[in-house]
Structure formats: C-alpha cells, structure tokens
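Coming up is one lone chain in structure tokens, specifically the form predicted alone.
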Amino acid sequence: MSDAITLTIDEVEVTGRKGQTILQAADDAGLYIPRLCWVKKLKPGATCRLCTVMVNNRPVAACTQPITEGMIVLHDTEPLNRYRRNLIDMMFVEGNHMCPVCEKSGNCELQALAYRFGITAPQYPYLFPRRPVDASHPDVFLDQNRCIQCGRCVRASQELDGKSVFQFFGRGAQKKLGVNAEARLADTNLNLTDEALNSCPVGALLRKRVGYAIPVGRRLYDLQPIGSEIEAKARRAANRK
C-alpha cells in the first residue's frame, strides 16, 4: 500500500508522504511557507503562527497539520500575507530590534522575512520595552531586547542538548525568557557547543568573540531571500523534466 498522498497547494498539485505536515510537503515541493518557530531538528511548536494557511476555509498551522488525500491548501494569498506582515511588524515593535548595529544582521530570519514581505518600517508604534542584557556567561550573550519568544532555544535545549537551560515565565506583556539558575546565565550549565545557541533565529543568543567573522554583505540573507533554498528545489525539478 502506497504512502503517497496527493494534495493541492495554491493550485499546484503536490505529492507528499503519510505522516508529513503541510509545511514539510510544501518544502519538498519547493513551495516556501514562512515560519520562525519551526526548524527541522525540533518538534513543531506552532507558536509564531507565520505558517498559518487555509484548509477548507479554516486557518491551521502548516507546521503541525498533517496532510490528507485531496486536501486543498491556500497559503500565498493577500489576506494571509497581510496577516503575516502584521505579525512581523508586531515582533519588531514589541522588542528593541536595531538591525543596523546587530551582529545577527544578514543572518537574522526576522529581518529576512521583513525584507521578503517588503517591510521597511513597522506600521505600529514602538513600545520600547526595558529589557536586560545578560553578559555574565563567559561565552554567550543573552539579549532579551531581541528575543521574539519563538521557543526554539527552549525546545533545542530540552530535545537536542538534554538540558533545560531556557524556559519562559510570566504571561502576556510580562512574558520573558528565563534560565535554569537563580539569576544569571553564567550560573547555568549552558555550553558553547549547545544546539540551543544555533537555534535562535534572531540576535537574542550570541556567542562572544566571534562577531562579524562573516562580514555584512556576505551573510546568508544578504545573498538571497529567505526561502530561496526551498524554492530552488522546484526550479531544479522543473529543469529535469
């Protein structure tokens, strides 16, 4: 019995496999669905909601929704893209993101998504929250100003590192990233080699003494828009036909 499942994403027929989510099937087909909290190595968190798509006129998270035979998915529509632009805007104004002076610039997924959606300045007023920077660890900075609460470091620390260095506490506007120590990052068991550090999509977790090792202008999203590596799959496949 075949595990192949056929569905339609924005009028494109896609063949996926039993057990795949919409996002995974779309990636395999070279169709990029925006995301921030999802990465391949981790269980899906469905927290950022940028991957929201419409299935039978119902919004679902593409990173958690399994595919089914004959499913019809809409993802690249003006209402959905407007919703995504609003989410990205709010992530910028709810923190203190200073892209021109951020070491993550050019490698930052939030910044790259803003460029992809044509955002040059947020439409909402900045909140300018007062958030601390924890530089106590000998090898790592924790900058709460840039944290978008995607939860990737939390899941990576638990699932890949076998630790629980990071966790959220508080609710609503008071929610913030905490560590498994009384106060400081230096008092945790975080190591420089932990996958949690690689998981951060923005500049909230940065290694010390390696800043600008790759010059701005030669960084990942300086060279091509975010999602280009996924979309290139479809072009290569089409050329082989």
Partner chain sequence: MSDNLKVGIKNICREYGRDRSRLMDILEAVQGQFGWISSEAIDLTARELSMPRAEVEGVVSFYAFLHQQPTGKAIIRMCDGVSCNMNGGHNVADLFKKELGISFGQTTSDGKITLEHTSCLGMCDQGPAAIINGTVITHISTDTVKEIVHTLRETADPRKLVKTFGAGQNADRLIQSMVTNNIRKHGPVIFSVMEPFLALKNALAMNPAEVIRDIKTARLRGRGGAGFPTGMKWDFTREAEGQRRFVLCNADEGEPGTFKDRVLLTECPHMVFEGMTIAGYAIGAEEGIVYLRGEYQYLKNYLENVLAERREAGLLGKNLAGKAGFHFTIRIQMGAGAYVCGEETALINSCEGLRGEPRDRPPFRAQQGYLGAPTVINNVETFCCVTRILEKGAPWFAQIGSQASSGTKLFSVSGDCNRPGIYELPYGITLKDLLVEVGGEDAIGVQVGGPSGQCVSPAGFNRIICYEDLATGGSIIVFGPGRNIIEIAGQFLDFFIEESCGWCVPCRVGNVLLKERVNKILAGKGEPEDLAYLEELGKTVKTMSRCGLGQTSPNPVLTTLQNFRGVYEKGLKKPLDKMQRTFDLDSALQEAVRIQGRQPVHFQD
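Note that the structure is a prediction, hence the values are computed from the model and not measured. Positions refer to the first chain, counted from 1.
This next part talks about the form predicted in complex with its partner chain, which is not shown.
For residue 148, a non-hydrogen atom is located within 4.5 Å of its partner chain in the predicted bound form, even though that partner is not displayed. When contacts are judged by a 4.5 Å heavy atom cut-off, residue 184 does not count as touching its partner chain in the predicted bound form.
Under a 4.5 angstroms non-hydrogen atom cutoff, its partner chain in the predicted bound form has residue 168 among its neighbouring residues. A residue is said to contact a partner when one of its heavy atoms sits within 4.5 Å of a partner heavy atom; residue 175 meets this definition for its partner chain in the predicted bound form. Checked against its partner chain in the predicted bound form, the candidates 140, 91, 71, 114 yield a single residue with a heavy atom inside 4.5 Å, and that residue is 91.
The partner is absent here, but in the predicted bound form a heavy atom of 179, alone among 31, 55, 200, 179, sits within 4.5 Å of its partner chain. Along 82 to 102, residues 82, 83, 84, 86, 87, 90, 91, 93, 94 each place a heavy atom within 4.5 Å of its partner chain in the predicted bound form.
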